[in-house]
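Just the one chain here, the form predicted on its own, laid out as structure tokens.
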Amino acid sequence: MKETVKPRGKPLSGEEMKQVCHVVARPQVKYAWAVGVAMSHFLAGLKQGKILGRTCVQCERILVPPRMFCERCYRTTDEWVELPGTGVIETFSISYIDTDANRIKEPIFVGVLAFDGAPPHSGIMHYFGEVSQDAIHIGMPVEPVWKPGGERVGAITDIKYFRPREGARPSSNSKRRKRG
């Protein structure tokens, strides 16, 4: 015959359970975060109104955003180079939702641009401005619109947006967006 073991102690009341299960802790945590050598230098360049990249002489290319090693040949990149800041739109989206997820009547344009002097498909994502929904297209030459020097903080938002480059001809691989 099996003997029944009686649990020790007493059941907790609802109030006692709250005291045991609901512990409020407010740890004093101090931390630091670094973007690394390459991105730190890139962001410092943005504060000065410069687009910086790193060269890889083995692959014969400029890496933007910069990296301290080449992901193709796995070697340390060679030197810093300043790019003109101009480029072309590689892809874009037309959004009727703003950055706070609110519906908007006038669209915003966001996409990826490749910088002149850097290889295609290695650019950055950013906003496009001073362009209409009918005019924006893949291959459109663009240039940065910078915040005033005193307002720059060393962030990608030091560039307000990229606008169509005046007097530039569309690149030979330019494709107009087809309308519906």
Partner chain sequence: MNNRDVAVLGVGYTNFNSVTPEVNWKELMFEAAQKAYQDAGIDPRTDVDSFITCAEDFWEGFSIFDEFTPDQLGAALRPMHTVSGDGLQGLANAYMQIKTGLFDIVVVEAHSKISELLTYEDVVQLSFDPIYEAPLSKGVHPYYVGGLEMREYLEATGTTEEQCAAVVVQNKRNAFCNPLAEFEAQLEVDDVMNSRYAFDPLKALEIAPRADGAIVFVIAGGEIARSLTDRPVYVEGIGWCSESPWIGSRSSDAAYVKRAAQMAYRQAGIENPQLIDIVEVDDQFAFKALQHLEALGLARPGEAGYLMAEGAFGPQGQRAVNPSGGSLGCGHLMEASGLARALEGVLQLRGEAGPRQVEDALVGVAQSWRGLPHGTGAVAIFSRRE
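All values reported here derive from a predicted model rather than from experimental measurement. Numbering follows the first chain given and starts at 1.
Absent from the display: the form predicted together with the partner chain. The rest refers to it.
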#### Entry: Close approach of Glu71 to the partner chain in the predicted bound form, 4.5 Å, heavy atom
yes
### Query
Using heavy atoms and a 4.5 Å limit, would one call Ala38 a contact residue for the partner chain in the predicted bound form?
yes
### Message
Since only the chain is shown here, I'm wondering whether Pro27 would be in contact with the partner chain in the predicted bound form (any heavy atom pair within 4.5 Å).
### Response
yes
### Task
Spell out, yes or no, whether the shortest heavy atom distance between Val153 and the partner chain in the predicted bound form is within 4.5 Å.
no
